[in-house]
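Okay, so here's just one chain, in structure tokens, the form predicted on its own.
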Amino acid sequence: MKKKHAMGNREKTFLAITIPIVLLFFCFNTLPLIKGFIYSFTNFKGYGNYDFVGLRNYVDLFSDGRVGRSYLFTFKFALVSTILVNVLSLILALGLNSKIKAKSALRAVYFLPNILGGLVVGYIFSFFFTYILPAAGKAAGIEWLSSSMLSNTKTAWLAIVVVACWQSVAMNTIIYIAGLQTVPEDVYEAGAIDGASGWRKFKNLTFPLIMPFFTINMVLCMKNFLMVFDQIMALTKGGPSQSTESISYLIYQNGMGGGQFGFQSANAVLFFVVIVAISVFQMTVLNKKEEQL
């Protein structure tokens, strides 16, 4: 009969480290997720008693105009921002990875926006869009710049895109630089012999080799921009006329303070499913593209 292996000090140490972390994760992540899912089947207002209403909240989501507008805005914002950030990040990474002077210092400068919190950056840009830019527009005689972009339903979302992209470019640039540094010099030397230069060099040599990093950036960008909240909170609070109300902000605003806790819990569950579905779709398509390249 085999003797049971006694747990050594090493295993006990790892277990002592792991168990508290798992418990904390369960208490502050998994348990709220489960409770939110349960509340999504109720008419809970965030306080007092509640009753179970079955799938009524989920059915009502598809007929609520405000929810529909928030989804349309969020998708539009996320798509535009993801494309802009990845294009700008890739261009910056190519520049910062080239043989230029003080490139290490420049990398640090470009990473600074990522260190600042979203709310801090949002409040700074709110002052810029409300006072500085209109004053400059009036001085230059540019009519469309003479009033705050944040007060116009047609331009408010563009201001949010500018702020979100400015802050997000930093991390994506670092990831692209890391990818560019994995490309062997031998590949470029062989390409130079075949006459590859400029755009052909990037298209046929560089981009295929950094495709895994492109996949990571695209998936993370889309996920983060779909969950946009800080910039909305600091810049517009969903206005003007709810034209910049993202899904996350709507869930927070009406769920926490609007007496729709159960309804917005259903919205959060649906939103979670949507984000997972989009991420899986991106990974599937981009991984197939990697294999083709």
Partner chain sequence: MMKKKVVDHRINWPVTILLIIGCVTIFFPLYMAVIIAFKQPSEMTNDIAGALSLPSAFSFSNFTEAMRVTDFWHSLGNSLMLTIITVILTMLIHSLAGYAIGRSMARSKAYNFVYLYLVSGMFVPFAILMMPLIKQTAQMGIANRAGVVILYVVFYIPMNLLLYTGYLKNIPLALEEAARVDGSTTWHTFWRIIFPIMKPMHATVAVLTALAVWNDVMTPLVIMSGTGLNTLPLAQLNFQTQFGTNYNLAFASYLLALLPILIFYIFCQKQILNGVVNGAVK
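A quick note: this is a predicted structure, and the numbers were derived from the prediction, not measured. By rigid core we mean the largest C-alpha set that fits within 1.5 Å across both forms. Residue numbers count along the first chain shown, from 1.
Keep in mind that the form predicted together with its partner chain is not shown, yet the notes after this line are about it.
K.L.:
Where, among 72-80, 130-138, 202-210, 155-163, do residues come within 4.5 Å of its partner chain in the predicted bound form by heavy atom distance?
P.N.:
That would be 130-138.
K.L.:
When the contact criterion is heavy atoms within 4.5 Å, does W144 count as touching its partner chain in the predicted bound form?
P.N.:
No, W144 is distant from the partner.
K.L.:
Under a 4.5 Å heavy atom criterion, is L31 part of the interface with its partner chain in the predicted bound form?
P.N.:
L31 belongs to the contact set for its partner chain.
K.L.:
Is M233 near its partner chain? Define near as a heavy atom within 4.5 Å, in the predicted bound form.
P.N.:
Within the cut-off, so yes.
K.L.:
Please run the contact check for Y252 against its partner chain in the predicted bound form: heavy atoms, 4.5 angstroms, yes or no?
P.N.:
Taking the distances in the predicted bound form, the answer for Y252 is yes, it comes within 4.5 Å of its partner chain.
K.L.:
Heavy atom within 4.5 Å of its partner chain in the predicted bound form: which of L84, L92, L180, M218?
P.N.:
Of L84, L92, L180, M218, the residue with a heavy atom within 4.5 Å of its partner chain in the predicted bound form is L92.
K.L.:
Which of the residues spanning 165-179 lie within 4.5 Å of its partner chain in the predicted bound form, based on heavy atoms?
P.N.:
Heavy-atom contacts to its partner chain in the predicted bound form: W166, M171, I174, I175, A178.
K.L.:
Taking the rigid core as the reference frame, is the Cα of V273 displaced by 2 Å or more between the shown form and the other one?
P.N.:
No; that C-alpha moves by less than 2 Å between the shown form and the other one.
K.L.:
Given a superposition on the rigid core, I'd like a yes or no on whether F62 shifts its C-alpha by 2 Å or more between the shown form and the other one.
P.N.:
Comparing forms between the shown form and the other one, the F62 CA shifts below 2 Å.
K.L.:
Align both forms on the core first, then report whether A140 has a C-alpha shift of 2 Å or more between the shown form and the other one.
P.N.:
Yes, its C-alpha moves 2 Å or more.
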